[in-house]
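A single chain comes next, written as structure tokens; it is the form predicted on its own.
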Amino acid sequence: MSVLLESTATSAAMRRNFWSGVWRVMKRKPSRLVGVVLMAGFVFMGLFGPLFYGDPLPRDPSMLTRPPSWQHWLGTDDQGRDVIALVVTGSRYVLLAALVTAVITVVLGTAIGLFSGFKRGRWDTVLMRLTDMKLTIPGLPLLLVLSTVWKFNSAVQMGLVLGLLSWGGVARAVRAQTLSLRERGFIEAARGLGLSTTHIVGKELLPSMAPYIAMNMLIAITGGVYSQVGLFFLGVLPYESNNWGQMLNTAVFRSGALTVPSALGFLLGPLLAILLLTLAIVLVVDAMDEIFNPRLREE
């Protein structure tokens, strides 16, 4: 009983030390707190933002492509809809697709990289040749071809395709980390005890790499956003739902935002959303790097 209580107290103390360390890292650069707040804001916007607006959004024929005003802070689009409302309602598709992309990218890349780096031998050769083949396939041209036969009607479909095309870089990076960790003493001890490969990879290697994998997942979210927004901006996908890429396409090619000053707010809305999301992820990744890297904390 006393041993159990002592173990519980030790775990609680470790948790307190961890969160106090997190707070020190955040205070050292207040911009990181801004990143966390922005990230939380985007999560809230994606989950609950569309609930604050009607479906479809109200249109005002007398307010077509108007510049920013007190009534419409970023102006209106070519159908008289508020630009901020379009950004908020379009965030769910973009963020969900990016999240699915990141999850598939990280899960596939981590699984292949871990197994390849730990097993070595023929498995390593086969999996890395497969990864190299994947990395040589140009992503954008392949997506353009796929768009002619697959309409990407949902955000999950979009994320699934983007994730299956994006895991190669993560697999290579995780394999390199695994090759470094597999020579450490605790891995050698686990091998000496005769523990299974599944146990060593799942219980020893994976927890050691969890912070690195989490940072890669955040970075993969930005890649997912850029890819899908680029496809919609190029006009190769149907406008099944409102999203930031479709807004950019409409603002540039239909409203003439590059030459018509009154349409500039329509163009800036999705661009600002993408910029702020990228900034939030960069600041959070910077904080995570210092939290989980003892050398950086010591500096």
Partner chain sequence: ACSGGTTDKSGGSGGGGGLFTTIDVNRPGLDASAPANPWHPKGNSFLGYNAMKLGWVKNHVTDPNQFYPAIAEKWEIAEDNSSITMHLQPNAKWSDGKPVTAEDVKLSIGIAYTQGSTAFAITPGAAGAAADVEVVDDRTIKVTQDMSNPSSKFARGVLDSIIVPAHVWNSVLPADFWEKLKTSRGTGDGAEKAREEILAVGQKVLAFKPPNDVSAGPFTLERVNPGEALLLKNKNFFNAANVAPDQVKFLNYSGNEQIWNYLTAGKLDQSGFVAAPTDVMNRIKQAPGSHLIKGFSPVAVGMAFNQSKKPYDNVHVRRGLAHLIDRQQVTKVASPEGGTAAVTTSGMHQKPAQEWIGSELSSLEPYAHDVAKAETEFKEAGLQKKNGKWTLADGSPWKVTMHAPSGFSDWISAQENIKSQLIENGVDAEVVTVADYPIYLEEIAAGKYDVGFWLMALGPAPYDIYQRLYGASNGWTNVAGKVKHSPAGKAGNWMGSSEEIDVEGVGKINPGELTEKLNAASAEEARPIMSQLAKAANQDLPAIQLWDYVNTQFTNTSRFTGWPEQDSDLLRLPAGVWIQLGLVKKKQ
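Basically, rigid core = biggest C-alpha set you can superpose within 1.5 Å across the two forms. Positions refer to the first chain, counted from 1. The structure displayed is predicted, hence computed values, not measured ones.
As for the form predicted together with its partner chain, it is not shown, yet the points below apply to it.
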Is F253 close to its partner chain in the predicted bound form, meaning a heavy atom pair under 4.5 Å apart or at it? yes
State yes or no: in the predicted bound form, is some non-hydrogen atom of S69 no more than 4.5 angstroms from a non-hydrogen atom of its partner chain? no
Would R92 count as a contact of its partner chain in the predicted bound form, using a 4.5 angstroms cut-off between non-hydrogen atoms? no
Is there a heavy atom of Q79 no more than 4.5 Å from a heavy atom of its partner chain in the predicted bound form? yes
Of M26, L38, V260, L47, which residue is found within 4.5 angstroms of its partner chain in the predicted bound form when only non-hydrogen atoms are counted? V260
Residues within 4.5 Å of its partner chain in the predicted bound form, restricted to 126-141 and counted by heavy atom: none
Tell me whether Q71 is among the residues that move between this form and the one not shown (Cα shift of 2 angstroms or more, core superposed). no
Any chance the CA of W150 moves 2 angstroms or more between this form and the one not shown, core superposed? yes
